[in-house]
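Given as structure tokens, the chain that follows is alone and in the form predicted on its own.
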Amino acid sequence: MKKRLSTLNEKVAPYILLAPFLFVLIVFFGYAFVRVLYFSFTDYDLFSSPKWVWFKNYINLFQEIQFGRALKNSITFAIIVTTCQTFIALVLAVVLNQQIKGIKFFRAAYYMPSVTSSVVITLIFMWIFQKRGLMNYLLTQVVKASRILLVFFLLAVIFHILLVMYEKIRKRPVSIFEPAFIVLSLLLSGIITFILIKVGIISTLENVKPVRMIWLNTRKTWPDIAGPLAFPIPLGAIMILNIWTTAPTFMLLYLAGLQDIPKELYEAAAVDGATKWHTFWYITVPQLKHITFLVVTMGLIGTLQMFDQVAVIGDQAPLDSTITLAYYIYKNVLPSSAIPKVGLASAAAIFLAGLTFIIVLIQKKFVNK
């Protein structure tokens, strides 16, 4: 009898532990999804009874110009932001995985944007992207110092090439991206550039007009050569903000993945004479394949559903330049001075869910190759 009770307890225990999660999943997601699916086939405005209209909402959806803009903005945003934040997160993780002094400080510093309120960061970015804001000020300073920067980087490249060639002539194994040589080249070029400035050979540009680029309140697109594939500049500003805040979170996932890679693989590669680039490309990247899949999946889902930053920016930018599918749904359910279009918004929500599912499936097949 006791044995049967013990077996029964073991079988029931997992379901009891999962009960809170299952309750939330069924009530707040499952039931909500079924209701949205039902409303997507009805004409409903929150005040009168729903009227069954079959696929009319889905047909009307693709006839709306604003939905087309929201779809284009969402896909552009998802592709660019997911690609950039994945690449930056991987690079940051590899850099912060090194055994250097103060590594804990740098890890905490880089992670700070992810624990800060999204609304607060968006408000700060709105100030930074003003016509006389910090971004335009920094761009003005870069233009003024362009001559000095050009000399600095040119000298750094020359010094680096000379150092690598010197080691090659001595028949020593050295990578073209040898970190020690990069640091030494930057240090030498910095010293010589400083001397050139002090003796008056090079200087900053004079009579440079301040950069007054309009980042938010504009309908201009960028880059012009991309034609119809160019994205609105305000959306680009939101991309920068989103990449800056989400890349540190994914960096932590990559850091955890790097800790699990067996050191024997790197030791064997070192014995075979593999360069650091070969080690990174043929060992680190394949070993982080499952982390990359998780990062890309979370990135695509998050970017396709991006809403809060567009909502906070609000009237600071033209709606057509920043609207996404999630914000399009919100605007149709809760319009400021019009009758709600719950049926149309529900159809858009179902479309967004299907689009997210299909894109994740495609990238799963791509990553698993």
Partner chain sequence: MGSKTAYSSKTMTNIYMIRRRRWANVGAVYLLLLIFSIGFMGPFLFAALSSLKDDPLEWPPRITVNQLKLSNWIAAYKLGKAGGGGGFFGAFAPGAVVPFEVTYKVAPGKEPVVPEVVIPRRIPGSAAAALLLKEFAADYAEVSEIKEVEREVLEDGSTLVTYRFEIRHTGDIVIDRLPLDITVPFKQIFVKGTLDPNRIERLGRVQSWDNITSGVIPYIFHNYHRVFSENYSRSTGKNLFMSWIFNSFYLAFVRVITTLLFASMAGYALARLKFAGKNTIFVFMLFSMMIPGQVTFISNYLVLRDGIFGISKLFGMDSLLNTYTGLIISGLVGASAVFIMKQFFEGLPVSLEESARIDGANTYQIFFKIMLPLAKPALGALTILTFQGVWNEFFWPLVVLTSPQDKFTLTLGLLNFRQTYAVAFDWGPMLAGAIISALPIIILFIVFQKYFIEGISFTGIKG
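Residue numbers count along the first chain shown, from 1. So that the term is clear: the rigid core is the largest set of C-alpha atoms that superpose within 1.5 Å between two forms. What you see is a predicted model, and the numbers here were worked out from it, not measured in a lab.
Although it is not shown, the form predicted in complex with its partner chain is what the next lines describe.
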Exercise. Which one of F55, F307, F62, W52 is close to its partner chain in the model of the complex, taking close to mean a heavy atom within 4.5 Å?
Worked result: F307
For this session: Let me know the one among L258, A269, V211, I148 whose heavy atoms come within 4.5 Å of its partner chain in the model of the complex, would you?
Result: V211
Exercise. Taking heavy atoms only, is T83 within 4.5 angstroms of its partner chain in the model of the complex?
Worked result: no
Exercise. For F87, is any heavy atom within 4.5 Å of its partner chain in the model of the complex, or not?
Worked result: no
For this session: Answer yes if any heavy atom of F28 is within 4.5 Å of a heavy atom of its partner chain in the model of the complex; otherwise answer no.
Result: yes
Problem set entry | Contact test in the model of the complex: F39 vs its partner chain, heavy atoms, 4.5 Å | yes
For this session: Run the contact test on F67, V296 and I362 with a 4.5 Å heavy atom cut-off to its partner chain in the model of the complex and return yes or no.
Result: no
Exercise. Among 119-127, 67-75, 283-291, 258-266, which stretch sits within 4.5 Å of its partner chain in the model of the complex, heavy atoms only?
Worked result: 119-127
Exercise. Counting only heavy atoms, which residues in 33-48 are within 4.5 Å of its partner chain in the model of the complex?
Worked result: F33, R35, V36, F39, Y44, L46, F47
Problem set entry | Yes/no, M213 Cα shift of 2 Å or more between the shown form and the other one with rigid core fixed | no
Problem set entry | C-alpha of P262 off by 2 Å or more between the shown form and the other one on rigid core | no
Problem set entry | Core-superposed comparison between the shown form and the other one, A108 Cα displacement 2 Å or beyond | yes
